[in-house]
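Structure 1 and structure 2, given next as structure tokens, are two forms of the same protein chain, each shown alone.
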Structure 1
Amino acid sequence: MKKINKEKLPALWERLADEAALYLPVEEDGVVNFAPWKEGAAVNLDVINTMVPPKHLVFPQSENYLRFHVEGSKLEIEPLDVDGPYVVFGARPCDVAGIAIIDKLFLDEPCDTLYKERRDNGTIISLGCNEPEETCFCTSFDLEPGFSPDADISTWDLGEYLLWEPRNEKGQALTAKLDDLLEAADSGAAQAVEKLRQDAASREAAVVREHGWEVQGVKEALEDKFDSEIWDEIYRRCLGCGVCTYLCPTCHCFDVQDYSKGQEGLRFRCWDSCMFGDFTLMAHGENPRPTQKERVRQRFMHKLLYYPSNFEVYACVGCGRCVRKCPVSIDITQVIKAAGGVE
């Protein structure tokens, strides 16, 4: 394990930015989001949830993947390159877990090569959480607030120092390049990390227990809930906006669209939301999910039943963004409670 004095972080970022495009939580107009690092950027490592999760770095909100040229009846199609290497610094364990979850879908056969290439180009440096937010419930999903097993490098904030541990070859390769900035951690470091992890997890688990936000058995409980009345109640106040889906670290639905300028044009894929009425609207006007009820049900069933059925993992990491940001407080913990898992 290594460590770095927090005063040296700007030097570290500068070096990382030389290696690859560096994204980290930056505060601008009072909002903290993952943004490219530049000198003087107001990096904020205290915020737990950036407003938008770093999902967009592996799965951009819109992504051009081919250029076409149309001339009369002639068509030319040329694939476009994916952006080069990048580093994500300071991703929280829940957000990293979100990426690991959508990996399962995109890397599943047939492999989504666009996603894979972008994913392979990135190195993720996680930052463990010391304290939970009021809306945190990652422990419900067997995640650890203080540790991210899916990151390439894990770091922990110990006040004066950031502890640094590469977790795989990619992480080791990057760490090797930063040798002069990192120093060996002392013998107590591993113990300190262990304590941080345990404290963070137990604190959050207590909150989860208090609210009844545990998810054990929810998948099984939802298996016969397609026609349940739980949906009658929860969907009614839904405004049909895409806040929950677009801020979710695991939502991954997309649309494919063309943009043209005369004979030239681009095809791109972009985020789409199952909350929108036109998401499943067919060309001839029929819609298998005609009202917000079916759409809300789809969103929660997808996260808590369909995704785990297909990939053996819930498509929720308990980051709490939907809990915090839904304009009318439709929140997944309410569905979890209403579904009623096994005690």
Structure 2
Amino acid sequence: MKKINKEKLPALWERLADEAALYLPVEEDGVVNFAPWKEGAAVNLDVINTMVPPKHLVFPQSENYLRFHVEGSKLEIEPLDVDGPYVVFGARPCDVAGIAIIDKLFLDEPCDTLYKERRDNGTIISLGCNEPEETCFCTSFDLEPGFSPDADISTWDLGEYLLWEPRNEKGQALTAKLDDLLEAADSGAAQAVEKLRQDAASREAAVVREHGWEVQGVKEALEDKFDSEIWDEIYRRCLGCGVCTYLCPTCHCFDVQDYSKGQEGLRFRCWDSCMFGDFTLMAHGENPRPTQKERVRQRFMHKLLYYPSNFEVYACVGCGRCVRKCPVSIDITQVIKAAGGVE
């Protein structure tokens, strides 16, 4: 295990930016989001959750992936290159877990090669949470606010220093390039990290217990709730704005469209949302989910029943963004409680 004095972080970021495109939490106009690093950027490592998760760095909101040209009956297709190497610094454990959940879908057979290439190009450096927010509930989904096993490198804030631990070969390779900026951690580092992990998990679990719900058993409880009255109670407030899906670290619905001008154009994919009225709309006009009730039900059934049935993990990481930002206060934790989460 290594450590780095926080006074050396600007030098570290400059070195990382020399190696690859570097993204980290940057504050602008009071809002913190992952943005490209540049000298003098207002980096904020204290905020627990950025407004938008770093999901867009591995799964862009809009992505051109081929160019086409038509001449008579001849069609020419040119695949477009994926962006080069990049480093994500300071991703919280819930957001790293969200990317790992998306991996299960896109990297399973048949593999999405576009996603895989972009994913392989990235190195993710996580930052454990010392003090989870009141709306955090990652421990309910068997995650730890203080630890990210899916990161390439894990770090923890110990005040004057960040502790630094590579988790795999990719993390070890990058660490070796930064050796002159890092120091060997003392023998008490592992105990300090373990205490941070236990304290953070204990504080978050206490908040969840206070709210009186538990996710255990909710998948089984939802198996016979497709026609339940709970959806009548929940959907009526929904505006169909899609903010819950766009801020979610695990939502991954997308559309494929062409932009053409004359005889040539681009094909791109872009995020979509199951909350939108034209989502899954067929070319002949049929819509298998024509009402907002059906769309709201699909969102929660997908996260809490369909996804875990296929991949053995809930499609939620308890970051709390949808709870904080829904304009009509639709709360997934209350859905879990109403559906039958064990108290």
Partner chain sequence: MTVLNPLLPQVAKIVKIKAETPTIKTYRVVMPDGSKPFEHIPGQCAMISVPPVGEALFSITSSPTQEEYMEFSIVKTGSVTNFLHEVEEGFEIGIRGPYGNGFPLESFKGKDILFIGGGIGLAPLRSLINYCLDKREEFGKIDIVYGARTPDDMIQKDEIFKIWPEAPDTEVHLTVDTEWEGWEGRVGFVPQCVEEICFSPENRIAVTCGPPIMIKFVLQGLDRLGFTPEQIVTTLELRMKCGVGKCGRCNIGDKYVCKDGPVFTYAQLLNMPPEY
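By convention here, residues take numbers in order along the sequence of structure 1, the first being 1. The shown structure was predicted, so the numbers you read here are calculated from the model rather than taken from an experiment. In this text, rigid core is short for the largest set of C-alphas that superpose within 1.5 Å between two forms.
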- Form predicted on its own, given as structure number: 2
- Task: Tell me, please, whether between structures 1 and 2 the C-alpha of G72 is shifted by 2 Å or more, with the rigid core used for superposition.
- Result: yes
